[in-house]
Structures are given as C-alpha cells and as structure tokens.
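The chain that follows stands alone, in the form predicted alone, written as structure tokens.
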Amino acid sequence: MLIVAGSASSKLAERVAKQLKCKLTKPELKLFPDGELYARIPADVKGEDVAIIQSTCYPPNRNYMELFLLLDAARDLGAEEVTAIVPYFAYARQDKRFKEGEAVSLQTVSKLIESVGTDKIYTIDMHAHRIGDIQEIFKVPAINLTAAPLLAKYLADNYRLKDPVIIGPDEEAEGWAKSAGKALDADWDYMVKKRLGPEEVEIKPRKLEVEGRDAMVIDDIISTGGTMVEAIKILKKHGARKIYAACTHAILAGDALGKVRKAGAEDIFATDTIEQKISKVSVAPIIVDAIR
C-alpha cells in the first residue's frame, strides 16, 4: 500500500504509514498566481493500493480541491484501488435541505469524491447527526469511525480519576458519551441544548449526579467553544470535582480555547484529525485497524 499525505494531514499520514509499515509520499503542491492549485503525486502508483489522507478543515474549499485532484490523479495513473481517508469531513453539517432552494452540501461533496473514481471512503466522527449510517450517502463502501474510546483512554492513562462520569453536552453527543463511557466502564449521560444564535446556546441538565466526581465532557467538534463552556458551567454548578474537555475535531474558531480554559476545564484535548496544539490523541490506530 502507498499512503499519500495530504497537506492538511501530513503528520497523521506519517503515523499511519509507520504503523502499517508501508510506503509514504507527500504530493508536490503549489498555487498559481490566479489561485488555481497544482498537484502531483511524485511516486509510481500503477498497480498499487493507494490511500489518500486529507482532512478538509480550514480552508475547506482548498483542501477539498487538493483531495479531488489527488484522488483523480491516483485513479488516472493506474492505481489498483483508491481509498479516501477524510478524518475531518467539512460540509457535513448541511445534511438536509432546511430552506427551499438550499444546496445540500454533504451530498454535493460526497458525489464529487465518488466522481473521481474513489473505491472506498473512511471518515471519523462525521458531523451528520440526521444520518444513521454514512453508507446512506455514498454508493461506494464508506465507514464512519469513532475516536471516542481513544479520548477516553487518554483521560484514564493521564489522570487519576475519582468516580468518573462521561457527559455529552447535548443530545447529538449522546453516541460519543456512550462510546467513551463504555470504554472507561464509567457512567455516561448527556445534556439538552437549545441554540439561541450562531454563538449563543442554552444548555439544561438532565438527571446529573456529578457531585464530587470527575467529569469528561465529550463532543465531536469544538468550534466557537460556546457549547463546551456552558456544559462546564453546569457541571461546576452541580458540584463536579474536576472537569475535562475532549473532542475529536478541534476547529477552535476565534478564542474558543481561551473560553473553555477560562470556564474551568482542567485539561482540553483533541485528536489529530485537525492538527492543533491540543491534538494529543492520534486517530492513526483506528485508521490502521480499519485498513487492515
């Protein structure tokens, strides 16, 4: 197998290739003066199983175009099988038409990935809550992996926890809280969220029993930090001992990290689906297991 390291996931691609003990190549990329992207795979891919690892975080449009060009080049150059590994899958939030005339962006980018000859697709904790299985979106084999157990393991390995509880900050995070809770053999629950605006949310607790206990708030994304901040405030109000904030995808728009720290998080950690300072957990093991 040959791993092609997209520019948004170069470190992750290196980790995957190292664990698989397979070849790794980094594409030649450059921008023309008019903003067009040039991409070249500097390796012989003919007859190879090729996996292109590329998150589509900021700037998503450029990173998607890089992904399309690399996938198409691998197919056109004679790769035996072409796999797209998109750790962070942008445009997944628009998974339905909320208003008349809207583009359903998840469908659009999914069709584009397939149209360039992709044989298989892997994502990690895709933010498409109204879709039960991402195979509903794609015509080719597609698997949505989860990093929740890895985040739970990091917490357990690095802190002495007192009667831990795993909390999802809203109903949409129930699955991640459950998965992380099972991995730790710990209690888990989730809160009820109402969004009041783009950066304002109201979160109300369910029947939480967190007094004197250590809590990990887990979500798929920390973007502006508003949801995580409110969840931490509620846990503190209910007497939680120490609170840890975890997510798969650390977008961290604006001063999101500062807001979460100020709210009282003991630690904040994320995975390397997006390469950030708090990306302390690598998703390479679950990608490797899936490929094998």
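Bear in mind that the values here come from a model prediction, so they are computed numbers and not experimental data. We number the residues from 1 along the sequence you see.
We do not show the form predicted together with ribose-5-phosphate (R5P), though everything after this point is about it.
Engineer: Mind telling me which stretch in 215-223, 184-192, 151-159, 79-87 gets its heavy atoms within 4.5 Å of ribose-5-phosphate (R5P) in the predicted complex?
Structural biologist: Every other range fails; the passing one is 215-223.
Engineer: Classify His129 as contacting or not contacting ribose-5-phosphate (R5P) in the predicted complex by the rule of any non-hydrogen atom within 4.5 angstroms, answering yes or no.
Structural biologist: Yes, His129 sits close enough to ribose-5-phosphate (R5P) in the predicted complex that at least one of its heavy atoms falls within 4.5 Å.
Engineer: Is Asp170 close to ribose-5-phosphate (R5P) in the predicted complex, meaning a heavy atom pair under 4.5 Å apart or at it?
Structural biologist: Output for Asp170 is yes: heavy atoms within 4.5 Å of ribose-5-phosphate (R5P).
Engineer: Answer yes if any heavy atom of Ser55 is within 4.5 Å of a heavy atom of ribose-5-phosphate (R5P) in the predicted complex; otherwise answer no.
Structural biologist: Output for Ser55 is no: heavy atoms all beyond 4.5 Å of ribose-5-phosphate (R5P).
Engineer: With heavy atoms only and a cut-off of 4.5 Å, decide whether Thr227 touches ribose-5-phosphate (R5P) in the predicted complex.
Structural biologist: Although ribose-5-phosphate (R5P) is absent here, Thr227 would touch it in the predicted complex, with heavy atoms inside 4.5 Å.
Engineer: Check each of Arg97, Arg206, Lys111, Arg93 and return the one that places a heavy atom within 4.5 angstroms of ribose-5-phosphate (R5P) in the predicted complex.
Structural biologist: Among Arg97, Arg206, Lys111, Arg93, a heavy atom within 4.5 Å of ribose-5-phosphate (R5P) in the predicted complex occurs only for Arg93.
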